[in-house]
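Coming up is one lone chain in structure tokens, specifically the form predicted on its own.
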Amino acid sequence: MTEQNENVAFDPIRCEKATTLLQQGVSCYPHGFERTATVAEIRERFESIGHDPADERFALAGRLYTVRNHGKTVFADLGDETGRMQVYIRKNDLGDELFTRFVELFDRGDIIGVRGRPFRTKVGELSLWVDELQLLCKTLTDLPEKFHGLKDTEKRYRQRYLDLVMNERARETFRVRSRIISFIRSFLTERGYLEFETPTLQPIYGGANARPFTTHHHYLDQTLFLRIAPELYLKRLVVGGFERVFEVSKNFRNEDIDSSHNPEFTMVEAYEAYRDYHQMMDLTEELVLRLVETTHGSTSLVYGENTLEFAHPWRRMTMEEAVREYAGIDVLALSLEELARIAAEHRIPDCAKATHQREHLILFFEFFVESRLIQPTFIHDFPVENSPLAKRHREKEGFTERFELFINGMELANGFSELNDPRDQLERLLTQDRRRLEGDLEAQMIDHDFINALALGMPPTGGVGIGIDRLVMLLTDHASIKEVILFPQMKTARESEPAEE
């Protein structure tokens, strides 16, 4: 065996067993195995089989999860991606040499291939009566204790491969995630949307207010940024004549990490020409409802302690109405002095910087309302101050046609009637750029090429971005985003603190 590295956790006893197997002429890592069935296929086909073994032989392959030695017989649980099945191994069937090798040199966690016939034991458990057995991968580290599994939350996130080996719920979560993304793609393509790929490395970041990750391209001698959103590039495609576009994208934001934020996350953004924010709310509502029905077979689901109902219609409220209902404050009817007094009384952060009632409205909404929006609710008509890419409201001065979707107190989607007036867009991005230069780390840069694209003409357009990670949290009943991202970002192991439960 190769010399041990201090960062590698080889088990010395398993290493000795691997060496012994090699000395016996047994390959610990053969190149393949001809599997003829999965566990699920055998379970379905032989659901009604009795004690007598079937005439047909099958080849199964998978990981050993438990091994129960009864002398000349062994019962073991073999697991593949589709499930687990008991295998029945007898010394009389394998012969002394192979049976002894299995008992002495194979371990829980090893991956093996077996051939045999299905039957049902006297206690009624469907099993495979094994007459051939082959080692497919000798593992050099132990599995967690079989009865309690892997419970260490931080270890589950750091070693997701081990989490997936031991925890069926983790595997099912990521199966559901895969199906959710496939469903979203099908839902949009069936409606005439085309999927595109836009740059991940960008010379100018934009599309959201967020602090970017910065890198340097040596050949170009140029600073580049990991995208915080694909929005400005997808809108360029609408300018170019593609009237329905979307992208499932990895986005990167250099922000705090908590139960609903990870610096690398996945979104779907969709844009459709000749639509506005009302129709994008309709599209979002239909998409999420269909996903709930597909994953849960119902229009409702249980998330944490709440039962959420997704049947049409969902509630739609302006931000002003929401603050008035949940906080009892008519923000736009009060003076700045009165609003400052309320803010100080409730210790609402950042209100001292507010210079307009609309800025208080945003902060009051975040403080009083967001966490109380349990059932699916669209909040719409946002102040222009925090919506630099949304079209001005057609009726309400100082507001934009923007919406956000909240479910169980969590924002899941953000959409606009997209701003397509190039002069207005230039002025708003100039304001953002001034804030950036004054030290606002989340303010957007000015993208002159994007302004040039708008000057060429973008039709009236509706757009929406939906957070896929949070959507998966909702549909799989997880409270932490780390549970639905395969490899979440974490501190290096020596510096880390316990992860969220």
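Predicted model, so just to flag it, every value in this text is computed and none were measured. Note that residue numbering begins at 1 and tracks the sequence as displayed.
Form predicted in complex with the RNA: not shown, discussed below.
- Against the RNA in the model of the complex, the set 125, 142 and 145 is in full contact: each member has a heavy atom within 4.5 Å.
- A heavy atom within 4.5 Å of the RNA in the model of the complex is found for one listed residue only; from 241, 95, 349, 192, this is 349.
- 121 is the sole member of 121, 222, 200, 299 with a non-hydrogen atom lying within 4.5 angstroms of the RNA in the model of the complex.
- Comparing 178 to 186, 70 to 78, 321 to 329, 282 to 290 against the RNA in the model of the complex, the single stretch with non-hydrogen atoms within 4.5 angstroms of it is 70 to 78.
- Contact check for residue 366: a non-hydrogen atom falls within 4.5 Å of the RNA in the model of the complex.
- Although the partner is absent from this view, residue 51 contacts the RNA in the model of the complex, with a non-hydrogen atom inside 4.5 angstroms.
- Under a 4.5 angstroms non-hydrogen atom cutoff, the RNA in the model of the complex lacks residue 82 among its neighbouring residues.
- For the chain shown alone, residue 442 is a contact residue for the RNA in the model of the complex, at least one non-hydrogen atom being within 4.5 angstroms.
- For the stretch 160 to 188, the set of residues having any non-hydrogen atom within 4.5 angstroms of the RNA in the model of the complex is empty.
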